[in-house]
Each structure stands twice: as C-alpha cells, then as structure tokens.
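Presented as structure tokens, the chain that follows is alone, the form predicted alone.
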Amino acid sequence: MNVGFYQFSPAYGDPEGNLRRLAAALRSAAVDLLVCPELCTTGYLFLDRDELNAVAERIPDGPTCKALGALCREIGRSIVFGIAERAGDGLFNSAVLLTPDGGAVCYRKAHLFDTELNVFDRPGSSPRMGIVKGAKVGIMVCFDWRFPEVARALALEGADVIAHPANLVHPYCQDAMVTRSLENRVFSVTANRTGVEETGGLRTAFTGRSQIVSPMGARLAQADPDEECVRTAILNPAEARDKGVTARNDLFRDRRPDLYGPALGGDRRSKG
C-alpha cells in the first residue's frame, strides 16, 4: 500500500483555489491514499461563525467532495482532507475520506483547540474508519493527538493506518505522533500545513514537518517545516496487525482495563 501526505499552505477563504491544488496533488501522487491538512479547503483562523459559514460545505454534497470524489473514481485513488462542514445549523471541523468506490467517511474533530471553540460546534460521536486497498484507515484531526485515548480507540477498532490531518502549532506534536504509532503498533500519516495566518489581530504560525511513521516508531517520510511537497512511503498493513512485543507478550492481550479506573471513566480527580 502506497500512502502519502500533501503539505502546503492553504489560501484563506478560497475553497475553489484550494480544491484545484488538492486535485493537482492527488493526480500527481502515485499513491493509494493521500492525506492532506486540517481545514485545507478554507484556511484556519475565522473571526466569527458567519465568516466560517460562508465557506463551509455540506458533506458529501458540497462542491469539494463532489469534485474530489469524481477524481478518486476516475484515477482509482483515495484522499483524506480537512474541511469546514455545515450540517443543519451546525458547523464542524471535519475530515473526509473519499475512496474510488464512491465511499465517503466524515469524521468530526472531537477535541477543539483554542479559537476553534469560538466558531465550531462540539460534535458527538461520528464515523472514523474506512477501507483503502483492504487496509482499515482510522481518522483523527490535529489536537486529537493530545488525547491518547483517540489513537488507542482507533487501534482497538482495528485501524492499520491512522490518517491525521493537522494544523499543528506546537513543536512537539510530531514527536508525540511517533509515540502514538509505537504504543498502538499502527502506521500514522500526519499531514500538517505550513505558513502563517493573520486576521483580526490573531496570528498563528504552523510547524510543517508532516510525516509517515511505522508501527515501530520509525519515520518513513518527513517534510521540512516550510516546504510545499508530497512525500510517500510503502506500507505493509500486516505489520500493524502484529501486536506481538515478545514471544510471550501481546500489546492488546496484555492490557489490564480492570486496573485503569479513571482512564476509562472520565475525570475523577479530587475536587476538594
């Protein structure tokens, strides 16, 4: 299975222009799956919900999903990309997996970060798993990395690969995704963006350094902080399905949920 990421700096408030760039990258990349950044159809910093609503799209009937879905069917490739989703009165920070058979999986980011809380709605549970070339692809978005339960849940659900669209701003996030791959024995593809956005007195700089990581924590491909590029790697999903640590230890069979208490039931810290 050949996977890749597309690292670039999306144009703020220009879904049509960003769609053209996504389509060109998908056409040029000889991959089974291309992972693209969070909110890569719109840019990131929105001053209010009205501004966000003006560029948000319905899924799967919006113009970006329709165009990229048709391209996936035409060239036999799959793509994961971040998009601002409009659903009824709700606005969600979402990621969509489109496949050549017409499949569409839309995951809504569970853990909103900083100014996202001002404009996006906090979702309930949403689909987060699809199939590409016989491999199970789980989806998480950016700040979801900070919560190890997300990657662990995807791994327990059978994910071979975690697709991770991101707009990372902290310098240590990429290293944490190496840990997520290692502790779950899964591949991960983090597609981060580059550049800086400034609007309404807000300024956010993004860290680039997109990467593909193996179940053993090895970086198979990585980008520099500022470059626009596609990087690829060949993955063998069987490596992610082998959870053996030693001849006597299995990563999942050795788990002890009976001892994990608060980790399974929310925040039980003392309030006194």
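When you see a residue number, it is the position in the sequence shown, counting from 1. If you're wondering where the values come from, they're calculated on a predicted model, not measured in any experiment.
Keep in mind that the form predicted together with a further copy of the same chain is not shown, yet the notes after this line are about it.
- Proximity of 23, 27 and 77 to a further copy of the same chain in the model of the complex is absent: no residue of the three has a non-hydrogen atom within 4.5 angstroms.
- In summary, the region of this chain contacting a further copy of the same chain in the model of the complex, judged by heavy atoms within 4.5 Å and restricted to 133-141, 83-91, 171-179, 187-195, corresponds to 171-179.
- Remark: residue 153 counts among the residues lining a further copy of the same chain in the model of the complex, judged by a heavy atom distance of 4.5 Å or less.
- Residue contact check for residue 11: none of its heavy atoms lie within 4.5 Å of a further copy of the same chain in the model of the complex.
- In the model of the complex, no heavy atom of residue 202 sits within 4.5 Å of a further copy of the same chain.
- Residue contact with a further copy of the same chain in the model of the complex: residue 262 places a heavy atom within 4.5 Å of it.
- This chain is drawn without a further copy of the same chain; in the model of the complex, the residue among 54, 238, 234, 216 with a heavy atom within 4.5 Å of it is 216.
- The partner is not shown here, but in the model of the complex the stretch 103-139 reaches within 4.5 angstroms of a further copy of the same chain through a heavy atom at 110, 111, 112, 113, 114, 115, 117, 118, 122, 123, 124, 125, 126, 127, 128.
- Annotation: residue 124/residue 143 CA-CA distance shorter in the model of the complex than in the displayed model, change of at least 3 Å.
- Cα-Cα spacing of residue 154 to residue 127 is reduced in the model of the complex versus the present form (difference of at least 3 Å).
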